[in-house]
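As structure tokens, one chain now follows by itself in the form predicted alone.
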């Protein structure tokens, strides 16, 4: 049976563009290319659309970061999320209910004003909240851990499956071909530039290949001699039974290394992390992460004690040393474009796809995209971002 929006039959022998990976990055890029008149595009995935990290993430959306680079990229994405339902003719269930980055230590509180001032300078509106304001906004928080916060009222969350299917349907209507169940075995080149891909269904010729393969993106890079410091990272999340509404906004706790929101049906959805990256490939959940997640959330929201967990799940991403994505043409391989290294990939996809499609079709790299090029990793020019809910092994 063919999934809606997925092309039946084998791929053609050639396309203008081949995109590897039918997650939200790949599908959004295909859609944005089609908007610019490039419709002879194939999106090829070894699984089904959204079968990787795109269907296994926390769904949360903000642009309130501490660095200009992150803030400008994700502000573009946030603006796109607000208009996608109407544009794609598909309800992505975007809820601009607000996004609170919680401060739970005196050190975090002391840094709030400087971060908010930087965000204002970058054109993003946020509010610095004191302890009383945070507790009024989210009364169920443990008061000992609710010392302040930065609130972005235009942030929120959207349904990850709905976003994937919205992009898939819109891209297919525009003439993009999407193939599932086909392995991309490598990128082919001649004379130092891209000529296409080798797949389990045969070779496909293309002048442009986009690597949006998520966890396996480094494997694809290796086939064309692109060496980048990417690692695999494994994350886990939970969803509980429906409970009475108690969380009106999306919330991130850097202190707890956690992020969460409550759905319209009342389920609490949340994930937590531990220092360092779990570089295993398994999609099986683990007891130690389930315990870590449950312990942290009950500590932060004592009213969750005794609430039943309906399910937990795991997902994997590729990760760079500075946790920022790699966007742009690969150094030394003309025609080979990268959208890899995403840990906030769902959140950043609409903006990144727009920028990448613009660069591919015009040959000019937009200013907002330029800082995320691959060369920064090779030169050691890492992007510093201080509001991420993640921590390296070295910093732990």
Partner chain sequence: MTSAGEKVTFTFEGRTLTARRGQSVASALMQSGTTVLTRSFKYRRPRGYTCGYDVCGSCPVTVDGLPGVSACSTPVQGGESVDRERGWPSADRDVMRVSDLMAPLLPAGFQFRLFRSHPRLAHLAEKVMARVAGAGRFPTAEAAAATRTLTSTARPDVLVVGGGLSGCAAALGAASTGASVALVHRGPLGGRALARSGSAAWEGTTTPVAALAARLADEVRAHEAIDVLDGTALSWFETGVVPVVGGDRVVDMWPTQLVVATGSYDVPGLFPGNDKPGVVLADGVSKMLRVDGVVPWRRAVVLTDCERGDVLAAQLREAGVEVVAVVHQDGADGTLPGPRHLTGRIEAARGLKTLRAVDVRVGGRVETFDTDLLCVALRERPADDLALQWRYVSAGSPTSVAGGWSGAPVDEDGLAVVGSAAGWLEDDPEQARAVGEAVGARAAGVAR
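Since this is a predicted model, take the numbers as computed values, not measurements. Residue numbers count along the first chain shown, from 1.
A second form of this protein, the form predicted in complex with the partner chain, is not displayed here; the remarks below concern that form.
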Please tell me which of 277, 201, 93, 205 lies within 4.5 Å of the partner chain in the predicted complex, judged by heavy atoms. 93
Can you work out which of 239, 118, 174, 243 has a heavy atom no more than 4.5 Å from the partner chain in the predicted complex? 243
Stretch in contact in the predicted complex with the partner chain, which is absent here, among 143 to 151, 190 to 198, 223 to 231, 78 to 86 (heavy atoms within 4.5 Å): 78 to 86
Residue 307 within 4.5 Å of the partner chain in the predicted complex, heavy atoms: yes
Within a 4.5 Å heavy atom cut-off, is residue 159 in contact with the partner chain in the predicted complex? yes
Please determine whether residue 131 contacts the partner chain in the predicted complex, using a 4.5 Å cut-off between heavy atoms. no
The partner chain contact at residue 185 in the predicted complex, heavy atom, 4.5 Å: no
Considering only 45 to 62, what residues come within 4.5 Å of the partner chain in the predicted complex, judged by heavy atoms? 47, 48
